[in-house]
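Shown next as structure tokens: one chain only, the form predicted on its own.
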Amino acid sequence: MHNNLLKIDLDMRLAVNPNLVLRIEDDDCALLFDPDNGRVEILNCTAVEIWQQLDGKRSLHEVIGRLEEIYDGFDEDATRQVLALVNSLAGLGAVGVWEQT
């Protein structure tokens, strides 16, 4: 996985950092814990859905297509929000570009 200052685009196949722990608290949120530095991020249900789909096999465009199937009214603004979330997660080292070795 590679995440140094990513410029995220919809064709990228992203994967989550396997060292992080996702703990679903309830229907509204989950905790994303980094055991290396003790950092905790709170994710809403949509962010959890995105997180669970970032497996390196699907492009971000495919992930967004899945979200369009799940959520009514998913529009261009929602796509921008997904990109902002993924960029934020990449900045934290929580996701990166999948590179098979």
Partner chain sequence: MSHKVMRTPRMVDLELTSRCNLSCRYCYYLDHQGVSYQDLPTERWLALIRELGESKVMSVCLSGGEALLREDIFTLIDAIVTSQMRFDLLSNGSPVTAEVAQRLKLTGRCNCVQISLDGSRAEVHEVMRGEGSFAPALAAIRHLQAAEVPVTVRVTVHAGNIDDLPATTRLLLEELNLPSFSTNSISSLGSSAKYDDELFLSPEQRLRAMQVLSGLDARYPGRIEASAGPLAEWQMFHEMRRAHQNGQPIPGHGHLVGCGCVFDRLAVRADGAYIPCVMLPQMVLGMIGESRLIDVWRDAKVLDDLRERTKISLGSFEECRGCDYQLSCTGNCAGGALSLLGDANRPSPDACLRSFERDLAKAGLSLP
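Just so it is clear, the structure is predicted and the values come from calculations on it, not from any experiment. Numbering follows the first chain given and starts at 1.
Although not depicted, the form predicted in complex with its partner chain is the subject of the following passage.
Taking 92, 85, 15, 20 one by one, only a single residue has any non-hydrogen atom within 4.5 Å of its partner chain in the predicted complex, and it is 20. Listed residues 55, 75, 69, 36 were compared with its partner chain in the predicted complex; 36 is the one with a heavy atom within 4.5 Å.
Not displayed here, its partner chain is approached by residue 25 to within 4.5 Å at the level of heavy atoms in the predicted complex.
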